[in-house]
Ligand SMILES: Nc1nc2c(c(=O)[nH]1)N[C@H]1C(S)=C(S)[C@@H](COP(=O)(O)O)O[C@H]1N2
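Before any questions on binding or motion, here is one chain by itself as structure tokens, the form predicted alone.
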Amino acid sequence: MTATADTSPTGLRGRVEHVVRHGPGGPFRERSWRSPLRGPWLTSVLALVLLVGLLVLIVTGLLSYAAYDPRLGGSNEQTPGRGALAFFLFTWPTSPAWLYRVNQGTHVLLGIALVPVVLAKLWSVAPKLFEWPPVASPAKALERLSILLIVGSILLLMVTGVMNVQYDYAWGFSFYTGHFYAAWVFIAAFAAHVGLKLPVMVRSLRSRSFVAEMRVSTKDTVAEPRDADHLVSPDPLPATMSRRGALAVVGGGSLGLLALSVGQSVDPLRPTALLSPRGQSYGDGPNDFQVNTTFGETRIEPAETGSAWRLTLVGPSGTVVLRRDELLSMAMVSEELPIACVEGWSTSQRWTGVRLRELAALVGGADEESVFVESLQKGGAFSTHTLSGRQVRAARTLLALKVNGVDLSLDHGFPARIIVPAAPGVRNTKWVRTLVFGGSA
């Protein structure tokens, strides 16, 4: 006799009731998770690392947003609906010159190094992600909502952040805008989750000695006692790795990623930056350093950078038009200043040019609170920018004509580019043609 599925109301109702009561099976079954390593203590060790690391990422990320000076409008502003989320904004300083370089380098390098820790933490709490029933009480609902938001937002930030470092923009939204709003979702969920789980983390860390646990061999590794959060398997398999080994794998992964990335922010280690698409991108001779946007990628006609090029200055007292040789005849200064990009790479070079505040004085713009910078580049996010009055008046802000003693290459912005101390690299506009003091986009 051939068996047939029970499609009667009673049979179907019974199966539905079974799923509602016991879950749909697979990962929703508690006994599906059998690693003896998984438990409150290991989860709490990973959580402690993330608690410190993610707080640093939050602070450096918000500082990076402030460095873009979105209040100046125009291309500086990519989050017009931010409202109260920008309560922390302040006028970004120009000293020390390495401020943005260290801040953004820390943000990107730490973010990359924490990827294995985040993945390990998600593995350690996987049973919680599939817990059944999904909501058993209001407190449990709040906890699961915080988990949903924190996991979703951190994965979005992590994936898009790594893709941004690799200049891979496969998504259909602005990285800058998406990263900002996703970060605030993460911050809110992170704060709620820490508030809910911090006492559990502290108790778990105190439950056993870290030093003693690091001495336990694989053969002596057993599951922790059953816990209220059901992280510990009710039917654990024999251990194939100690907790010491698991932490070594995670830590080794983090150190490996860091070692292959840190060269993008430390000039002498540049050849080791194998994970950075700009780590191996050089120019020629004294122009031998990273190029974000090459001259060939713009729509600038070569003739526009030749003898016909003019710099136009506009200010309260009128307009002045200068040839490049006239700029070279002005008082020239040289400054050792870094360029640091939001993607994490940075470099320090010696720039020579005219102080921006001296150019401002030619058109009565020395006291203006902004300057609108326009490039020969046509369209795109890099064609215009606005600098603050503080940046204009800074003694080390230059309209650079040379780098390391020679003319700028076309890729580095010939015939002239802006160099601002402590500013994001995107504010160092290349192929400058117009400066409007007191103007904005």
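Throughout, we count residues from 1 along the sequence that is shown. Predicted model, so just to flag it, every value in this text is computed and none were measured.
Just so it is clear, the following notes concern the form predicted in complex with the named molecule, a form of the same protein that is not shown.
- Contact with the named molecule in the predicted bound form, defined as any heavy atom within 4.5 Å, is confined among 124-132, 215-223, 337-345, 242-250 to 337-345.
- Within 4.5 Å of the named molecule in the predicted bound form, a heavy atom is found for not a single one of 76, 173 and 180.
- Note on the partner interface in the predicted bound form: the residue among 377, 386, 60, 44 having a heavy atom within 4.5 angstroms of the named molecule is 377.
- When you look in the predicted bound form, the only residue of 289, 309, 190, 92 with a non-hydrogen atom within 4.5 Å of the named molecule is 289.
- Contact check for residue 207: every heavy atom lies farther than 4.5 Å from the named molecule in the predicted bound form.
- For the chain shown alone, residue 421 is not a contact residue for the named molecule in the predicted bound form, no non-hydrogen atom being within 4.5 angstroms.
- By the criterion of a heavy atom within 4.5 Å, residue 293 is counted among the residues contacting the named molecule in the predicted bound form.
- For residue 30, no non-hydrogen atom is located within 4.5 Å of the named molecule in the predicted bound form, even though that partner is not displayed.
- Residues from 357-374 do not approach the named molecule in the predicted bound form: none has a non-hydrogen atom within 4.5 Å of it.
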